[in-house]
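A single chain comes next, written as structure tokens; it is the form predicted alone.
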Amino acid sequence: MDNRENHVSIELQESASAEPVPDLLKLITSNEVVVFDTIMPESETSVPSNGHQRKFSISISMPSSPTGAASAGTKNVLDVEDNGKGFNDSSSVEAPSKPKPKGDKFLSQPMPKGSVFGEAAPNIKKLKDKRFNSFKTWSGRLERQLSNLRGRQESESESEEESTQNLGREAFPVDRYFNALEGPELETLRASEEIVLPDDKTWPFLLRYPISSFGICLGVSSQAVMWKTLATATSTKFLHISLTVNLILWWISIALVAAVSSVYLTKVVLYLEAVRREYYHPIRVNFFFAPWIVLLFLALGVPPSVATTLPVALWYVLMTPFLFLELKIYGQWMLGDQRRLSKVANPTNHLSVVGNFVGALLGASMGLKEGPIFFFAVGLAHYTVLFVTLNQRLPTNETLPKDLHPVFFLFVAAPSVASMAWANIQGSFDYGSRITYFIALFLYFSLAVRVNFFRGFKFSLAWWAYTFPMTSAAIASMRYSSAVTSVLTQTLSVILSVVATLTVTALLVTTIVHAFVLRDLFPNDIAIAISDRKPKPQNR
């Protein structure tokens, strides 16, 4: 008898109605699970055997409702056996038909370690969207550390997912932009591609905030320069424009640049991967010139009441980023394979050229010579190549979609600023300045007469491409009018200035409405969410 295994069993008998009773009671020995509760006193479960005692533990798992098991009116019979000893193995004790509510104990099974919700924890995990983690600067490391502090161990699948994201972040190929995107701006996803961010929901604001937002600052800051020229140019003295307008616009520009820069710097801190993808985007990289061009305009438009002269060192500080960016961009135009100019040529490339002329204009106004001439020469050479490439319309270049037609006005910006830069370098608005000014004026009117070309499309940040070139043409007209003063040139200067001011005002109001009222100014930026995986082959 001693060699036989001792055990305790609980049997549930069916009632007269023959309805099955759920297995609610489970009996196991205390040696198997030590954390289970004991519901029988030690005196009742201790059975003497050969001079020592053997103890048994009974664990009960009850339903959520105390009356759930007894609602059917069943009779339960409890038999406890120990090799035929200690209890009657032939007799059964009939339980009462209704359980006594008093003295009942309802004990639950222990929860799995590391979870306070038991089996519901995996469902809660699924509710947390981690698809944005790959764009975060720290990739959710803080969240994982907090989870480890709470005792939650990182699963193997999460570790594999993190390593995959980090691998893609380190080895994301630049050529994937051309394979995954299409269109002249490379912002349309190909049908065979997929994105790494959800396309059925609105992304966080910083992920939707593009570098092209600095185009707003270009339009407003150039207005400060225009109104300063209106107040100081000899050909517009009859207008009696006060420098107060220039002062107000300059401070508005300062505030706007600070706001836009703060938001984008926050994006750099929190979503560095998104900024990195914008920088490697062959078209979007041109907008990284915009913040520095804005600073040059602020230096040109500084009110006399704020500063009459600027330190020469400021020019070198502002032009240093241009030098490094141009070494990268122009080298790719010439020596690149997928990024050669014949393939990526787009009106937005003018942003990488016009900065040379704005920098030359500022440097010459400070009294510098060699530095401004250097940047003027570099800008002139690459503008000529870009102008010819865009006009050739090579088979590799696609027709611009209607929503991007305003960027054609960037054709006007470079020659307009170049005419003023050369005038400052030479000291007069000579024939070289007039040639470039007439090119800009012709391009301006050739675009303005095509009204239908710029109507009937949805508002977007691309509309700000109107403002900067229009303002530059107005300022160049005032400089030309001062050199060749006549009623015609003065009238032209005033008309272009009014058109530029009205355009900037209308766009600023419209931008505020779409940004804060309609809240549709910043859609999901598909261009930064392409996958690093190659497209699946399509069966033909």
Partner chain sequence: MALTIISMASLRSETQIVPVNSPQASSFTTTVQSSLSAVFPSRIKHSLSSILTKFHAGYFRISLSLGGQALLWKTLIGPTHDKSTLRHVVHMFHPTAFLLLWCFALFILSLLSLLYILRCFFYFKMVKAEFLHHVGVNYLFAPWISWLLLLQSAPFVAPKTTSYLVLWWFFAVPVVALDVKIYGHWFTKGKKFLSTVANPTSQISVIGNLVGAQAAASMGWKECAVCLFSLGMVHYLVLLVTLYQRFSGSDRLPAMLRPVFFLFFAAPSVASLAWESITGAFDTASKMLFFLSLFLFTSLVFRPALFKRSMRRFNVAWWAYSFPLTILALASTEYAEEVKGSIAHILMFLLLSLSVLVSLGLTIFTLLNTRMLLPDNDPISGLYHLPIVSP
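Residue numbers count along the first chain shown, from 1. For clarity, every value in this text was computed on a predicted model and none was experimentally measured.
Omitted here: the form predicted in complex with its partner chain. The next part is about that form.
In the predicted complex, Ile373 approaches its partner chain with a heavy atom inside 4.5 Å. Proximity of Gly336 to its partner chain in the predicted complex falls within the 4.5 Å heavy atom cutoff. Residue contact with its partner chain in the predicted complex: Arg276 places no heavy atom within 4.5 Å of it. Shown alone here, Phe411 lies farther than 4.5 Å from its partner chain in the predicted complex, counting heavy atoms only. With the partner removed from view, the residue among Trp292, Phe429, Tyr330, Tyr280 that has a non-hydrogen atom within 4.5 Å of its partner chain in the predicted complex turns out to be Tyr330. A heavy atom within 4.5 Å of its partner chain in the predicted complex is found for one listed residue only; from Val306, Val388, Ile252, Leu314, this is Val388. Comment: 340-348 is the region of 340-348, 435-443, 237-245, 190-198 lying near its partner chain in the predicted complex, near meaning a non-hydrogen atom within 4.5 Å.
Contacts between 366-383 and its partner chain, taken as any heavy atom within 4.5 Å in the predicted complex, involve Glu370, Ile373, Phe374, Phe376, Ala377, Val378, Leu380, Ala381, His382.
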